[in-house]
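The chain below stands alone and is given as structure tokens, in the form predicted alone.
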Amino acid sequence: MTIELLSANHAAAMAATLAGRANRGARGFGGGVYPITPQTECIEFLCKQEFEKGRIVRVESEHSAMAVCMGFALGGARSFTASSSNGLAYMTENVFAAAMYRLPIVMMAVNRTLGPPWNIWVDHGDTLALRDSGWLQFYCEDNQEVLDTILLAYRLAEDRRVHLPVMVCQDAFVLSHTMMQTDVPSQALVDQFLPPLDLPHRLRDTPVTVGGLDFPHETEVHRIQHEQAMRRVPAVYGEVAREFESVFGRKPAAPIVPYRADDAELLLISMGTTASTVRAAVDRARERGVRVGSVRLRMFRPFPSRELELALMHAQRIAILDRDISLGQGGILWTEARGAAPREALVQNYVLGLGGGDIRPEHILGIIDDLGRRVHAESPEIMEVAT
């Protein structure tokens, strides 16, 4: 292993490169790529890499980029792409198709605000809009986690109990263009962790039809199979995480990550880089005697309901922090997570940092103060956070 100063974009591309080369003894590696800020640096770096078997294809749109990935994956190759924001929206038809074909594609999604009006800064709404697409979704907190999660994602996606694509999400600019010391594993270690891909339903010499017409009962069966695969993910993730630790010496984060939560009366739930700011605020509030803790949601699909219920079971007041909004409803994380809260708990939604606005410890401390004095929960509070 070597320590390198990498942006999260380059860390993602490095992980995809190592994973692609690890499949050189099987059907190789490939993907379709199309630039969009702020993920472009990732695919630029990837396009400069050499692969013993396979190649990266520069295409004319995000829709085509995912189509190329599906072609590689249907041929049994390991496949990767990256996108953001409106690029993901344009790719949506094939995002759904890739999952329904049960293809183990890995995509890095740099979370960016959907437009117009155009905004290139972070907002989780682009990937959360795809929460029902059948992809696994992970939200990363730092550059090391981006690299590690992409390697882990291939092992998870290619497991025969899963065979589903994985979206590895990171915050625009906060991670994508920020340089951090990152531990990059050797090719030998990645080869040890990622066995050659042998996709049982890949195309072979015998002609088959892909994407034919399903009648109602056939669709029901396919959806049940897809759902069953999703439900198997947490157990498989645990196995893969243990194997990752044994090979690389680092333990990947669990689907949810509690912090100072054991005796907390107030708990804050968040995703992505917001979680690190929340932890800093928790420490400052603890110094004032406030019994507050936090929970970072790392896995969003499948949603870790049982794990979250256990983490929240003693909390009296819960704040769910969303860097996204489902217009007319409130935060998307809130709509998913509030069902895991104890029935008697006060659960308040705070929507903040939309469009890339700064989320600072003092903002979180304000939320902690507001949560502590509330008599009852109200409609989601949309906070205007000045940069």
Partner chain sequence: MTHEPLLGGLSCTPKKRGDSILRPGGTNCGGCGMGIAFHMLERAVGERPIQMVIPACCAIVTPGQYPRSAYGVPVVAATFASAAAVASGLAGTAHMNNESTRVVCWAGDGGTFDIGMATLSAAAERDEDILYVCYDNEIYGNTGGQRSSATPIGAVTTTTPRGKTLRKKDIVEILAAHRVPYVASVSLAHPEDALRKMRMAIDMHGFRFLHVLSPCPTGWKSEPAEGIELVRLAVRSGLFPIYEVFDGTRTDINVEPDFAFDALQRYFALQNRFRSDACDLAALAEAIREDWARLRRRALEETTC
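Residue numbers count along the first chain shown, from 1. Bear in mind the structure is a predicted one, so any value in this text is a computation, not a measurement.
Although not depicted, the form predicted in complex with the partner chain is the subject of the following passage.
The partner is not drawn, yet in the predicted bound form one stretch among 317-325, 63-71, 334-342, 356-364 has residues with heavy atoms inside 4.5 Å of the partner chain: 63-71.
Proximity to the partner chain in the predicted bound form, taken as a non-hydrogen atom within 4.5 angstroms, holds for one residue of 174, 77, 266, 282, which is 77.
Of the residues given (224, 313, 235, 179), 224 alone sits with a heavy atom within 4.5 Å of the partner chain in the predicted bound form. Though the partner is left out of this view, residue 228 does reach within 4.5 Å of the partner chain in the predicted bound form, counting heavy atoms only.
Taking non-hydrogen atoms only, residue 29 approaches the partner chain to within 4.5 angstroms in the predicted bound form. For residue 208, a non-hydrogen atom is located within 4.5 Å of the partner chain in the predicted bound form, even though that partner is not displayed. At a distance threshold of 4.5 angstroms between non-hydrogen atoms, residue 346 is out of contact with the partner chain in the predicted bound form.
Within 4.5 Å of the partner chain in the predicted bound form, a heavy atom is found for not a single one of 188, 197 and 251. Annotation for 84-105: interface residues with the partner chain in the predicted bound form are 93, 94, 97, 100, 101, 102 [heavy atom within 4.5 Å].
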